[in-house]
Structure formats: structure tokens, C-alpha cells
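A single chain comes next, written as C-alpha cells; it is the form predicted alone.
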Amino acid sequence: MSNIEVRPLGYAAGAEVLGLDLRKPLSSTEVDQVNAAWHQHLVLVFPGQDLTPPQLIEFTGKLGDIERNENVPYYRHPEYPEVLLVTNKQVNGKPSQTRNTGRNWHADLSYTDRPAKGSVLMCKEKPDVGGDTMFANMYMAYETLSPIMQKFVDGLEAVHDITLIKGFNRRDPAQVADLKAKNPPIVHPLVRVHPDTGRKSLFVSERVRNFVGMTEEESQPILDFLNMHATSPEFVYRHRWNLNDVVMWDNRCTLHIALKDFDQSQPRHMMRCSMLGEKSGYVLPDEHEEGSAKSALVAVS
């Protein structure tokens, strides 16, 4: 009999899970309980879990198929490709390319055709204060739109672009060129139906360039509104990290942002595993982009 206790941490999202030692394999009952809590609270916090990379991989693998980070191969753990290192510590004597990762609102791997199902982040080192992460409930973001706006966004497709990662073009130029080649702009529905809960959520972020069939100029005011609405304080849970916290979020119905609210001379070192999500995207053909541009020119000529 499992002794799991789930304590809500926020109204919009977030719950603390007690009574589990993630260094040990989860039973099927425990997996079911974690999944139930995950679907209810979207973001789960497992405090006091000092995991090794293999233990983090094993826990993540109990909840979904493991992502091997092939789309971002430069930032992986040298021995465990399933583990992405999010750190401001030097790597090979150079500043880490992930030291400013996550500085704008996003869903993990939305620039691929299989955005992450979920992610699990382990805090190994942290600054004295700050370095928080905020999560937004995208169910609430959709459900609080007016019926007319819901009908409008239900039919839109969004173009997600890796180059809109904040600070992306300040990374190593050779790596940037390769990442752009590996990850061309990709299209996802703006509104997605969660495969487990059946609820609709917005799939928008600050890494969306435009909507299919619309110019960037036409798209931007709509994107500005949706991103502002989706990250309203009443939809957000802010996590203040403790050492050895493990935080797991449902990437299909949340956004998150890593805050730069700490002394950058102090270490912030995290390990992240992600689960493969459902295939939902397609690469926008070049001729489609050209056609949209031509249509816009015709419209104003």
C-alpha cells in the first residue's frame, strides 16, 4: 500500500508529492497515483530527491518514452544523452550555452514535430536566492477566452521557430547554424486536445512567429494578446527551488519560463529529462511561405 501524499501548492497549478523515494523503482500503483496527481495539478514537486542521472532517467521512463535530445545534441550530459544539462557552470572551460536557457515563455521542444509530453527537472545546485521557474496553466488560458475568441483560435495553426528562443543567436555560431538546419520552422495547431484528459488548451508561446496564412504583422497583435492572457498571474504557479527538488510538468497544457532573478556569479545547475510527446507538427513548405507573402503583396497593391 502506497503512502503518497499530495499537497496543492497553487490554485492554477502545482502540488507537492510526499512519500516517494525516486531512487527506487515505482510500482504500477505508484505510477498510476503520480499520473492522476499530474493530470489534476499539471506541475508536481518531489522534494528532497538526490538523484543520479540514471535514476532521473529511470523515473522519467516510468511516465513516458524518453527523449534523447537529438534536436539539441550539444547540451546533453556527456555520458547520458537522455539528460539535458541546464547550467551556468563552465563546460569544457567555456561559458555554458544553456546558461540562459528558458528565458521566455515556452513549451519544451515545440520547435520539433513531437513536442515533449512532459519534462522532469532536477535541481543539483542553486543560488542563495532566486532562479525561480514559473508555470502557466494553458487549460485556463483557453477556457477563459470568450466563446467568439475560442471559435477563432480553434481554426488557427501556429509556426514555432527555434530562433525565437531568447538569446539563441548569441550562442556558438556553428552550433546555431546546425540547430537551425535540424529544426526548421514547424506548424502545430494553436488549440490542442489533451490525449488523457480530453480538455482543450492553448499551444501558444513567445516562440511562435506567425499563424499559417497570416503575415507576421497580422499575427503579432493576436500573439501578444494570447501570450499576455495565458501568463496572467491567476493562471501561474511560481516555483522557488530547493536543493534536490525534482519538478515534473505536463508540457501539453503548460508553459514555463526560467527567471534571471539571481546573482549570475552563483551556480544554477539542473538536469532535465523529457518524454516524447505525440506527433502533431509539420514543416511549412517554402512555397507556402512564399505564397502567403505574395498574397499579402497583392492585397496591398
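Note that residue numbering begins at 1 and tracks the sequence as displayed. Treat the numbers as computed from the prediction; the structure is a model and nothing was measured.
Not pictured, yet referred to below: the form predicted in complex with a small molecule.
Peer 1: Does each of 160, 180 and 281 have at least one heavy atom within 4.5 Å of the small molecule in the model of the complex?
Peer 2: Per the other structure, none of 160, 180 and 281 touch the small molecule.
Peer 1: Which one, 44-52, 229-237, 267-275, 31-39, holds residues whose non-hydrogen atoms are within 4.5 Å of the small molecule in the model of the complex?
Peer 2: Answer to the contact question: 267-275.
Peer 1: Among the candidate residues 190, 121, 140, 208, which is the single one with a non-hydrogen atom no more than 4.5 Å from the small molecule in the model of the complex?
Peer 2: Only one listed residue qualifies here, and that residue is 121.
Peer 1: Which residue among 72, 86, 186, 83 has a heavy atom within 4.5 angstroms of the small molecule in the model of the complex?
Peer 2: By the 4.5 Å heavy-atom cutoff, the listed residue in contact is 86.
Peer 1: Quick check on residue 101: any heavy atom within 4.5 Å of the small molecule in the model of the complex?
Peer 2: Contact check for residue 101: yes, within 4.5 Å of the small molecule in the model of the complex.
Peer 1: Would residue 197 count as touching the small molecule in the model of the complex under a 4.5 Å heavy atom rule?
Peer 2: Result no; residue 197 lies far from the small molecule in the model of the complex.
Peer 1: Since only the chain is shown here, I'm wondering whether residue 256 would be in contact with the small molecule in the model of the complex (any heavy atom pair within 4.5 Å).
Peer 2: Output for residue 256 is yes: heavy atoms within 4.5 Å of the small molecule.
Peer 1: Are any of the heavy atoms in residue 133 no more than 4.5 Å from a heavy atom of the small molecule in the model of the complex?
Peer 2: Residue 133: contacts the small molecule in the model of the complex.
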